[in-house]
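Single chain ahead, written as structure tokens, the form predicted on its own.
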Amino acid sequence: MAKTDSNNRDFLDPKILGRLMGLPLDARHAMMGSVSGRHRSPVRGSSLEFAEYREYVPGDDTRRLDWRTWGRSDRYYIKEFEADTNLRLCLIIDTSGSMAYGEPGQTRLDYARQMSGTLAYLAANQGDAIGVFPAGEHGLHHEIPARRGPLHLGVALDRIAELEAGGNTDLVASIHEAAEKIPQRAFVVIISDLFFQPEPLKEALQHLRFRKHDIAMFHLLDRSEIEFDFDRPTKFVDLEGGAPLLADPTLIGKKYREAVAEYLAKVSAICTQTGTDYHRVTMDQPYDQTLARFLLGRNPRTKKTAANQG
């Protein structure tokens, strides 16, 4: 495993990595990989997990004939199994200006860096490939294609460390671009504040699903953005370049909260319609707890535990 004690990797916490190491990072759909691994593959082969029967054809391995079926039907059938494979974890990380929201060292991008770095480390530890796809004002920039190995993990972590927030959001274009650039089935994790009108997001996520990718979305929000608990006239600054706005929260608070509730309902509905594993995250939640619930929820054997914890 690559070393993680580099000065620019302080977003990795060894104690948290140790606690999460026992939780597997599972794909919900069949994956395609270059080596044998722990994830289900759409490619049929000889493995421990039974998939289906099919009729024998000349050239098939006779060791896989099912003699009990032959005894009942007087016909030859082959047992097929689902081969295991390794996963490609592709991290799409929003780097637009609004990701700089928060206190120094505790911004939205800092939270995204902790989550993505931890997921990358966990995936590499179980032998999976990792790719990093920063999404900025002009689409993807300086992305790292998914590869395996400790040296590549170091490259991916360094790229995560270098991320900076700035410019307008163009996450939708970045998702479309990633759908074309990621060549095989992958587990695509999107980390963003979704600071834009959500309607175009549906087509972008459908593009990923059309390409057979498994998708998870972490929607990062500050609790004040939801509750809007300001009690005096406040100057609101657009971190993506819009004009500042001076407003009295007591006059606009009700309408604001209604608009936010409508927006969140649209985002949730889009993710449901596109089969996206959606997680709304407020940044006062420790990121390790967020990841623990996420990992438990994706593992069929521990899903009930995650539900009880929620």
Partner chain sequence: MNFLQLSILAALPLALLPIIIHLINQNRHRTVKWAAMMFLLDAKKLTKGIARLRQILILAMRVFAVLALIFAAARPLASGWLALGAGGKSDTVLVLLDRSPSMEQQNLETGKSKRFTALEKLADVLEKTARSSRIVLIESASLEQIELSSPADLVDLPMSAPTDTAADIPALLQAALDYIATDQSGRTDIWLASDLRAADWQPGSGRWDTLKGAFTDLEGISFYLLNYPEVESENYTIAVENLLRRRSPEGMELVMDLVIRRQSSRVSPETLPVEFTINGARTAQEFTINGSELRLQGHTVSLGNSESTGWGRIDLPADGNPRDNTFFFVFDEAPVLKTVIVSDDQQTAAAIKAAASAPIDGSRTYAADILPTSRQAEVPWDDTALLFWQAPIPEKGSPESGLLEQFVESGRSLVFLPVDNNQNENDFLGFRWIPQTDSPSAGPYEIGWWRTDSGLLENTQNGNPLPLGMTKIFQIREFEGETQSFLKLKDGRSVIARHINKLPGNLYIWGTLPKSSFSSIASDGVAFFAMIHRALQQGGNFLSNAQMRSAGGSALPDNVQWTSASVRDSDEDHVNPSLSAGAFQSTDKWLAINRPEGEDDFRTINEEAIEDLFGGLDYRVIQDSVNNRSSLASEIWRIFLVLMALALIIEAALCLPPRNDEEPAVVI
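Numbering follows the first chain given and starts at 1. Computed from a predicted model, the values in this text were never measured in an experiment.
Only in words, not in the display: the form predicted in complex with its partner chain, which the text now covers.
- Heavy atoms within 4.5 Å of its partner chain in the model of the complex are found in one stretch of 124 to 132, 109 to 117, 223 to 231, 170 to 178, which is 223 to 231.
- Contact check at 4.5 Å (heavy atoms) against its partner chain in the model of the complex: none of F218, Y287 and L296 pass.
- Of the heavy atoms in F210, none are within 4.5 Å of its partner chain in the model of the complex.
- Proximity of V260 to its partner chain in the model of the complex falls within the 4.5 Å heavy atom cutoff.
- In the model of the complex, its partner chain stays beyond 4.5 Å of every heavy atom belonging to L151.
- Contact check for A269: no non-hydrogen atom falls within 4.5 Å of its partner chain in the model of the complex.
- Contacts between 194 to 218 and its partner chain, taken as any heavy atom within 4.5 Å in the model of the complex, involve F195, F196, Q197.
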